[in-house]
Every structure is written in C-alpha cells, then in structure tokens.
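In the form predicted on its own, a lone chain appears below as structure tokens.
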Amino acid sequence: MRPMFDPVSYAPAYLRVSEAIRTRILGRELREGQVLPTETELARQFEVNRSTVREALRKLESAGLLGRRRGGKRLIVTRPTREAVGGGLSQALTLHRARVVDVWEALQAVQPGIASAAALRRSPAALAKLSACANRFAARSGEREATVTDVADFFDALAEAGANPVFHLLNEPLLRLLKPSLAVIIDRVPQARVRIGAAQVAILAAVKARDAKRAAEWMTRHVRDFRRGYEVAGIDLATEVGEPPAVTSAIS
C-alpha cells in the first residue's frame, strides 16, 4: 500500500539561509535601509560556504527584499517596488489566462473605492499631482502611446492620493493589463479622448471638494465607459491578457 505522504525533502542550504534572512526582514528585525553583514561574515554566522550565502542573497535580491544604493557595494534591506509587485502579478494573471473582461470587472470593483479614498484623504501635494496628470492628458492628444500612459498616470496618482498601500499596489497590475486594450479604444473610438478627459475633470473636482460619494460615482461611470469603448472599438472581451486585443468590426 502506497503511503499517504512522501518523505520530506532536505532543503538546500542556500534556501535555509535565504528563509532565515527573509523571516528577519518580514518580522521587522531587519529594517528597511539596514546594511547586511558581508558575505564572509554571514558565511561565518550561518556556518556555510560563501557560495551558499551568495546564492541565498541573489534569491532575496530577485524578490526585492535586498538591494544596493546607487554606487554602493553593500547589500541593504529594501521594499519590493510597486513596479516589481505589479510585474509579478501581471505575469501571474497572464499565466492564469485572465481576460479583458476580467480586468474590466476588477477595475469596476476597485477604482470607485480608490476614488472615494482619494477624496477623503488627499493632501495638497497629492491633489496637485492629480491635477497635473489631468492637465497633461488634456494637452497631449497627438501620440497614442503617450495618451495611454497619461491615463494610467491619472489612475496611479488617484491611488497615491488615497494613501492606502493596498489600493496602490493593486492598481499597478490592473493598469499594466488595461493599457493594450485602452490603446485600441483611443485609436479606434473618436470620442474616447473627450470622454476620458471629461471624466478626469469631474473626478478631480470631486476629490478637490472632498466629495467621496461623487468621486466614486464618477469613477463608476468612467469605468463603465471603458466597457462601452471596448464594444465600439470591436474588442473581444474574451481576449486573454498578454495577447494583442482581438478586434472585430467596430459597432457603428
């Protein structure tokens, strides 16, 4: 009779070293910016070879938990950047075969809450940044890719204004996955730029007035407009993210 469980595998030394350091970082025993001991000192403390330590540190660097200051040689404790987190989650969603419609549903669920939080908590600096993003979108209507980036920048500034790190981290992968289909909408739907600009102005006004309800309502309307934009542009909502948006003939 085959046993229910297989024997536990013996973890390589570099994984055990990596996990020991990771546990200290996540437990806040090692703080952001703190300099790690040298490879030689770590090898002495863990009683392993320097090559083992080097492999463990490489693993932690790739996870964004360790890094180096510009021009520096010593490793320090760092936080994973939003870009790194967003890139990893975007890849995971691509591998899990998320579709354009799945991204849109997530935006519909998350973005009104972000807009509401921004209205309640925005600082003068955050409001100025959001206003600058809206103005930049209004001024740059020529080159498509720049316009798409400006839309993403507005969403990003709104999440930053909400002062909620969970919202801010969630926003990054959603915006990455939104960009390809948004580029098609802007390219194929003549009124897209005008409608996006109008929504940004209304959301900005609500945030400035600290009107959380109105900010959420306008963001809900804005995201719903994307769904209509998909339809008018002829984008197949079943297209998997990571693939070029499948485009049919646009709705007149």
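Just count from 1 along the sequence shown to find any residue number. Quick caveat, the model's predicted, so the values are computed rather than measured.
The discussion below concerns the form predicted in complex with the DNA, not included here.
Taking the partner from the other structure, the DNA in the predicted bound form has no heavy atom within 4.5 Å of any heavy atom of Pro124.
For the chain shown alone, Pro12 is a contact residue for the DNA in the predicted bound form, at least one non-hydrogen atom being within 4.5 angstroms. Contact annotation for Gln34: none of its heavy atoms lies within 4.5 Å of the DNA in the predicted bound form.
Interface membership of Glu217, defined by any non-hydrogen atom within 4.5 Å of the DNA in the predicted bound form, is ruled out. For the options Lys208, Lys213, Arg68, Arg188, the residue carrying a heavy atom within 4.5 angstroms of the DNA in the predicted bound form is Arg68. Here is the short version: of Ala192, Val48, Ala199, Val223, the single residue with a heavy atom within 4.5 Å of the DNA in the predicted bound form is Val48.
The stretch that touches the DNA in the predicted bound form, counting heavy atoms within 4.5 Å, is 34-42, out of 223-231, 199-207, 34-42, 180-188. Residues Arg58, Arg68, Gly71, Gly72, Lys73 of 58-73 are found to place at least one heavy atom within 4.5 Å of the DNA in the predicted bound form.
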